[in-house]
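Here we start with a single chain on its own, the form predicted on its own, put down as structure tokens.
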């Protein structure tokens, strides 16, 4: 299991050379560390299933998941999920008396 002191290392010789080449082309270079962080964040979000997002959100609500980690994994969906929860909660309290549905 990973700890907070673990380094993230990649074996990406081609990626390293590609980023160096791009950095050489741009005045002032590129921030490779920032690109790596953003790329990792994007890929982590891509591989999450909807069920995992819901589970992580619940862990966040229960205080089992740090807000920073939740924002990395769920991102803007964190706020969207909360809005949907509130909307569903409000809808569940609405009275359905007098509502008819055609079959």
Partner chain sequence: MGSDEIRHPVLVDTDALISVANTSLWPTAVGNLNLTTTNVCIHELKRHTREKSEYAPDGSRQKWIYDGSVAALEPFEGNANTAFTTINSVPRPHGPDAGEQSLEQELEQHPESYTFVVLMDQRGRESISRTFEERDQYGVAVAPSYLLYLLHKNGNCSKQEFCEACGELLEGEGWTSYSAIQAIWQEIPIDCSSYLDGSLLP
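Here, rigid core means the biggest group of C-alpha atoms that superpose within 1.5 Å across both forms. Residue numbers count along the first chain shown, from 1. On a predicted model such as this, the values are computed, not experimentally measured, just so you know.
Below, we refer to the form predicted in complex with the partner chain, which is not included among the displayed structures.
- Contact check at 4.5 Å (heavy atoms) against the partner chain in the model of the complex: none of 18, 33 and 64 pass.
- Among heavy atoms of residue 91, some come within 4.5 Å of the partner chain in the model of the complex.
- Although the partner is absent from this view, residue 9 stays clear of the partner chain in the model of the complex, with no non-hydrogen atom inside 4.5 angstroms.
- At the 4.5 Å threshold, heavy atoms of residue 45 stay clear of the partner chain in the model of the complex, well away from it.
- Contact between residue 54 and the partner chain in the model of the complex is found at the 4.5 Å heavy atom cutoff.
- Residues 77, 80, 81, 83, 84, 85, 87, 88, 89, 90 are the ones in 66-90 with at least one heavy atom within 4.5 Å of the partner chain in the model of the complex, listed in sequence order.
- A displacement of less than 2 angstroms separates the C-alpha positions of residue 22 between the shown form and the other one, with the rigid core held in common.
- Remark: with the core as the superposition reference, the CA shift of residue 13 between the shown form and the other one stays below 2 Å.
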